[in-house]
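In structure tokens, one chain follows: the form predicted alone.
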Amino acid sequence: MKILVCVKQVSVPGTYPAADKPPPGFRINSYDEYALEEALLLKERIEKTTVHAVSAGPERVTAVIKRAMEMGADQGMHIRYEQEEQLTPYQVATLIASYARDRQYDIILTGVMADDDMQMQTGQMIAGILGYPYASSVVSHEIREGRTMYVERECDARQRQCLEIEMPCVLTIQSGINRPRYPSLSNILRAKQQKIESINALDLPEARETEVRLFSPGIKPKGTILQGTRREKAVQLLEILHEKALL
């Protein structure tokens, strides 16, 4: 079985690029660590399973690919482009799908979202471009006979949706499904010696969305807490409603 895990490099909270400040710090997206751990757990349960980690971006993203290899991924793949601007989910999904299309991966895993933009779109778009079935916000999964996966995904109101999907497939993994492991010394030494496969993204797809603006919402007015007995609170509430001409 071949598993591809998509890992993203995100900036450390509180560090942002500026002309008069040093470059921001970067780390692996925390949600992708859960996806990687699920792949490694599958590798431990199923013989002859290989786990590959892929990331798209400039040279600096090789650090998170190395991190994935230190945690246990067998091989790392870097889809290289040099621009520092953050790509849209569609652009990233197109690059990863183009890489994965002819490499016969049985499962493609991503984190449920990214720490920086929280858009929750890349995994689903990879599935759409490849024409694979997918499940998002996965909290449980099991490979069954044939090439079928039983999947439970988290829904609103503490509900779970249970699905059976055919492989190859794409799953976006919810946080809390496991406890990501720390890199072992043997894997750290192996990752230092192992080369990352590099592929140039010659044709970067055009973005299908444009950021119009980014702003913080205004401060909401403070509420009023009524004091006293139920009767006193009811009287106070009526007075407030009359004062605001709501009654």
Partner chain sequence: MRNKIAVIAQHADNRIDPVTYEAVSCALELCAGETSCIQIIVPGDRVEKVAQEISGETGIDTIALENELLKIYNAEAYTSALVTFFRQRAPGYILIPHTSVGYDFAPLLAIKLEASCITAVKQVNGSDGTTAFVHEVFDGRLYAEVVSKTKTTVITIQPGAWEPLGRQPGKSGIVETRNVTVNPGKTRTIAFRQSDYQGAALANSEVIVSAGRGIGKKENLSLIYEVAKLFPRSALGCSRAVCDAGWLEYSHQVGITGSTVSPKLYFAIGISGAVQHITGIKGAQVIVAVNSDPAARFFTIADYCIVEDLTQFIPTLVEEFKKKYGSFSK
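Heads up, when I say rigid core I mean the largest set of C-alphas that superpose within 1.5 Å between the two forms. All of these numbers come straight from a predicted model, not from anything done at the bench. Positions refer to the first chain, counted from 1.
Keep in mind that the form predicted in complex with the partner chain is missing from the display, and what follows is about it.
Student: Just to confirm the contact call: exactly one of 203-211, 49-57, 62-70, 35-43 touches the partner chain in the predicted complex at a 4.5 Å heavy atom cutoff, so which is it?
Tutor: Among the candidates, contact is made by 203-211.
Student: Would Tyr105 count as touching the partner chain in the predicted complex under a 4.5 Å heavy atom rule?
Tutor: Looking in the predicted complex, residue contacts with the partner chain do not include Tyr105, since no heavy atom lies within 4.5 Å.
Student: Applying a 4.5 Å heavy atom distance criterion, does Arg153 contact the partner chain in the predicted complex?
Tutor: Yes, contact at 4.5 Å.
Student: Taking the shortest heavy atom distance, is Gln75 within 4.5 Å of the partner chain in the predicted complex?
Tutor: No, Gln75 stays farther than 4.5 Å from the partner chain in the predicted complex.
Student: Taking the partner chain as it sits in the predicted complex, is Ser216 near enough to touch it, meaning that at least one heavy atom pair lies within 4.5 angstroms?
Tutor: Ser216 belongs to the contact set for the partner chain.
Student: Counting only non-hydrogen atoms and a 4.5 Å cut-off, give the residues of 112-128 close to the partner chain in the predicted complex.
Tutor: The stretch touches the partner through Met113, Asp115, Asp116, Asp117, Met118, Gln119, Met120, Gln121, Gln124, Met125, Gly128.
Student: When the two forms are laid on each other by their rigid core, does Gln193 show a Cα shift of 2 Å or more between this form and the one not shown?
Tutor: Gln193: C-alpha displaced by less than 2 Å between this form and the one not shown.
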